[in-house]
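Take a look at this single chain in structure tokens; it is the form predicted alone.
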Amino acid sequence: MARAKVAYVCGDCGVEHPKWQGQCSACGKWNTLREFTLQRATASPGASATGYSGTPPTVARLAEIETAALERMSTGMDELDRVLGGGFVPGSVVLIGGDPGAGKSTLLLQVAAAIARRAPMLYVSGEESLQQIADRARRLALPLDNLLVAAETRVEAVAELAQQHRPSVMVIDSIQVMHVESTGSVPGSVTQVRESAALLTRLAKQTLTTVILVGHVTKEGNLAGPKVLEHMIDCFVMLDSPAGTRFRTLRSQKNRFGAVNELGVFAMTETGMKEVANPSAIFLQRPKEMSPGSVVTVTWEGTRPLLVELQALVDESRSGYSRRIAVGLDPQRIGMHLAALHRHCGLSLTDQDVFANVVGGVRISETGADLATVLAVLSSFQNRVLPRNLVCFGELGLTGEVRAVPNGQERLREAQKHGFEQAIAPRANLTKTPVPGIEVKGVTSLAQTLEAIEALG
């Protein structure tokens, strides 16, 4: 008999090696290679010498292919529809990740119950029993009549259920516990996760069933499993649960059918996940008496503006070296801003510790918060309270210039809607038609920004 072929697969990155070695040559991790037996693929009857069988492949001119608008299915939640780009696309595969206890199963059970009232729906759980799912559904007061549920971990059995009941949407909770019987490895391994996702993805494309996969995350906050898993699916969203708050943020990190970096906000309550239609009002719960180091900015999340409060604390360094710590912001950009302050305004903070935080657990990845970060640092350093009705935004360059940011007028309208009467913004974002109800000071440099703050009194 022919000897079975053996491969060694890295448990972190999923790269295969022909022989065992202590360190993975792809990711550099040590002692992560595991031995797997590879099964020889058998040719189907009638296969040609080239390995292809059945109908030969065809090609077509791109101009001759007819396109049609995507018919989306609403999830029943506007915030989730926003993140997905308008709802579920038939035949797509959506991966949702998040920390344990973030509310992934709760959110998907609510969505499944809402969809089951108007379309066939199948909820497959590999981690909970049917009794646990029914108990949660009754606790959340969800309709139970039309929702089909199953407790199964074998992908082949899940495929049979999908062929039998023909659901429009199918939830797999979770992909890490699923396994393919023909693959000789334990559930949760790199090979099992990859093969299970590949089979479910092929099932979704062939039957036009929307498949929602639940994924675990590592202690570093990254999606567990091989990186190829994120490439196989169509949409990847992450559910974040900031510590000490009941609010959850859902952000898309990949979406073939919509915009990325869309943000949806939910609140975890006793009756399940509730949508937050006006997130700016949540993140702006400011005290009546303002303190130094606080300023409000308007960040742009996907397709809508969001008002958040930035706080900074500047204190004399007592450890011999100054610290730069940021939560929700890029610490490296803060170091660049402090260097620009010293170079262009003569303000040195080399002997000061600088701490910055975005209130509410929001993470800001765009550059529109640069100007607000600098003003918060200056406010704390000079022990000066900025006006409560002031909002600012803009990108700060290393040469000291204030650059324009996208959607400047929409940001100003959002600020005016929430009662802000003064704004400092890049002059390039100002138009001939001002936004009524808010006085905007246009600046082109960091020095002009400091002059504008002095003029506010």
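Because the structure is a prediction, the values reported are computed rather than measured. Quick note: we count residues from 1 along the sequence shown, nothing fancier.
Not pictured, yet referred to below: the form predicted together with a small molecule.
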request  = Go through 136, 323, 165, 205 and name the one with a heavy atom inside 4.5 Å of the small molecule in the predicted bound form.
outcome  = 136
Contacting member of 73, 180, 268, 359, with respect to the small molecule in the predicted bound form [4.5 Å, heavy atom] = 268
ask   = Based on heavy atom distances of at most 4.5 Å to the small molecule in the predicted bound form, which listed stretch, 77 to 85, 291 to 299, 137 to 145, 368 to 376, is the contact stretch?
value = 137 to 145
query = Do all of 99, 103 and 106 end up near the small molecule in the predicted bound form, with near meaning a heavy atom within 4.5 Å?
reply = yes
request  = Spell out, yes or no, whether the shortest heavy atom distance between residue 328 and the small molecule in the predicted bound form is within 4.5 Å.
outcome  = no
inquiry  = Does any part of residue 258 reach within 4.5 Å of the small molecule in the predicted bound form? Heavy atoms only, please.
reply    = no
key: Contact flag, residue 305 vs the small molecule in the predicted bound form, heavy atom cut 4.5 Å   = no
inquiry  = With a cut-off of 4.5 Å between heavy atoms, is residue 272 one of the residues that contacts the small molecule in the predicted bound form?
reply    = yes
